[in-house]
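Consider the single chain below, provided in structure tokens and representing the form predicted alone.
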Amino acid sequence: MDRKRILITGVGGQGTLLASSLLGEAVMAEGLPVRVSEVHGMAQRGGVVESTVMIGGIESPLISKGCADILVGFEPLETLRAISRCNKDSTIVTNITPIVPFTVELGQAEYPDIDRWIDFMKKNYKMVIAYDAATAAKEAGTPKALNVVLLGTLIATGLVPVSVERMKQTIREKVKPKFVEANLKAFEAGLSKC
């Protein structure tokens, strides 16, 4: 059985927990063992939020340094903070649209050069898909669907044992009815980025 360690990271309000929940539900519906775990951090204040999706009977909910098969980053700085858990064979799917921390806004820190870091990732990791997922979500009809855009890209890689149709069905079943169509459009937008 194929085993995958997936780390999903972002900041509070970006939907990292919903994305991991949807992915976990879809994997379970495919009949595979899955473990989903969440670390909320300061989610209510725009702090770091991480979750893991462990596929294939992996017991530990934690991903150690160098052990992530896939990293999905909803915010570029959070992708960079989590990069140590990747290895040269890891796949990275990341949004490139920053949410600027207040320390940067106050002039107390500088935001990293995203282009430089994307170049670094592309040279050091197996597959890197980096794009403006925030705009793709807006174009799909709701900026809040950035999480589902990135989920679409993850499924499009073919690295996760979940079919496109299974993921769409999970979205239909688990997302509030009034948001289903926008989320399905967002998912399709993400599929096209891979």
Partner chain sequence: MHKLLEDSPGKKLLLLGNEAIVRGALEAGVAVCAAYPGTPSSEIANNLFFISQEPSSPLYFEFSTNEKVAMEVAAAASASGVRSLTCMKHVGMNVASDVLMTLAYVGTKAGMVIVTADDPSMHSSQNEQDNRCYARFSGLPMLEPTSPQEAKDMTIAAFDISEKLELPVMVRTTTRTSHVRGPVELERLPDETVKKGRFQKDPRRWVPVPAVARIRHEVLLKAEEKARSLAEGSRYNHIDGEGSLGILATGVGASYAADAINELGLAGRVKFLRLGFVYPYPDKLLLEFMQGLKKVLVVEELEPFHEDRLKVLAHEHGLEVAILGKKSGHFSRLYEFDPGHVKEMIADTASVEYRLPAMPDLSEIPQLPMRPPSLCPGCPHRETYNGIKEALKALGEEERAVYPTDIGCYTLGLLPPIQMADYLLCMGSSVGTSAGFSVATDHMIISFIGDSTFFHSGISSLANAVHNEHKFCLVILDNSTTAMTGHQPNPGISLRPPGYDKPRVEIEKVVKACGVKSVVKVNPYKRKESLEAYKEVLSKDELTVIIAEAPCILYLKRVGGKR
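Positions refer to the first chain, counted from 1. Nothing here was measured: the structure is a model prediction, and the numbers come from that model.
Below, we turn to the form predicted together with the partner chain, even though it does not appear here.
Enquirer: With the partner left out here, check for me: in the model of the complex, does some heavy atom of residue 165 sit within 4.5 Å of the partner chain?
Expert: Residue 165: no contact with the partner chain in the model of the complex.
Enquirer: Report whether the minimum heavy atom distance between residue 127 and the partner chain in the model of the complex is within 4.5 Å.
Expert: No, residue 127 sits far enough from the partner chain in the model of the complex that none of its heavy atoms falls within 4.5 Å.
Enquirer: Would residue 35 sit within 4.5 Å of the partner chain in the model of the complex, counting heavy atoms only?
Expert: Yes - in the model of the complex, heavy atoms of residue 35 and the partner chain come within 4.5 Å of each other.
Enquirer: Is there a non-hydrogen atom of residue 81 within 4.5 angstroms of a non-hydrogen atom of the partner chain in the model of the complex?
Expert: Yes.
Enquirer: Please state whether all three residues 135, 142 and 185 have a non-hydrogen atom within 4.5 angstroms of the partner chain in the model of the complex.
Expert: Result no, not one residue of the spot touches the partner chain.
Enquirer: Determine the residues of 85 to 122 with a heavy atom within 4.5 Å of the partner chain in the model of the complex and present them in sequence order; the list may be empty.
Expert: 86, 87, 88, 99, 100, 101, 102, 103, 104, 109, 110, 111, 112, 116, 117, 120 sit within 4.5 Å of the partner.
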